[in-house]
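Here's a solo chain for you in C-alpha cells, the form predicted alone.
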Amino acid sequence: MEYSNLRRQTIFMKKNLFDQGYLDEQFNQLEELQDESSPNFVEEVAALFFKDSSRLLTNIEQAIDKYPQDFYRLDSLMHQLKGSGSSIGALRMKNECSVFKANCNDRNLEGCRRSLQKMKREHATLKQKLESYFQLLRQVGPSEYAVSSRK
C-alpha cells in the first residue's frame, strides 16, 4: 500500500477513535512526547496501561465476589483504574469508572457489577482498536510521530 494512503488511513483511524469517544486530548499529549529517540513511546505506554488495567480489572472482579459490601475497597480500586485510564486518554473507560464509583457511593452492588462488565468490554474494544492503530503506524514508518487528527 502506498505511503500517502497509509498515512490517510492512520489519520482517519485516529479521528474515529476520538469521534467515537474512545480517546481524549491526553492521547494527543502522549503522542507529542514521542520523538526519534523514543519512536514507540505511546505504544509502550499503552502496553503498560493494558497490562496494569487488566490486573486491576481482575482485582476489582475478585473484590466484588470476595468483599461485596466493601464499597470503600471497590471505590479505591476503581480510582486506580480511572487514574490509569486518564493517563493515556481512555475516555470511555474513564467515564465508566465514574459510573462505577457513583454506584459505590450509592452502595449499589448490582450497578457495580453491570458497570464492571461494561468496562471490561470497553477495555477489550479499546485494546483491539489501539493495537490496529499502532500496527498501521508501524507500517507508515518512524517518520510519523504525532499523527494529527485535530478537528
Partner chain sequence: MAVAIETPFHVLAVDDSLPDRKLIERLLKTSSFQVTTVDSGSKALEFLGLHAHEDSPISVQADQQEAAVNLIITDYCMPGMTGYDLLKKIKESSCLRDIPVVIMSSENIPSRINRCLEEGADEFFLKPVRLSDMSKLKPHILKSRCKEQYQQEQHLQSNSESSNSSNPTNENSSNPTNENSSSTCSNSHKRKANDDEVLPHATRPKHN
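Predicted model only: the values in this text are computed from it and were never measured. Residue numbers count along the first chain shown, from 1.
Separately, the form predicted together with the partner chain exists; it is not shown, and the next lines address it.
Proximity of 100, 121 and 132 to the partner chain in the predicted bound form is absent: no residue of the three has a non-hydrogen atom within 4.5 angstroms.
Across the options 121-129, 60-68, 42-50, 107-115, residues that bring heavy atoms within 4.5 Å of the partner chain in the predicted bound form belong to 42-50. By the criterion of a heavy atom within 4.5 Å, residue 25 is counted among the residues contacting the partner chain in the predicted bound form.
Among residues of the shown chain, residue 95 is not one whose heavy atoms approach the partner chain to within 4.5 Å in the predicted bound form. Taking the partner from the other structure, the partner chain in the predicted bound form has a heavy atom within 4.5 Å of a heavy atom of residue 38. Contact check for residue 86: a heavy atom falls within 4.5 Å of the partner chain in the predicted bound form.
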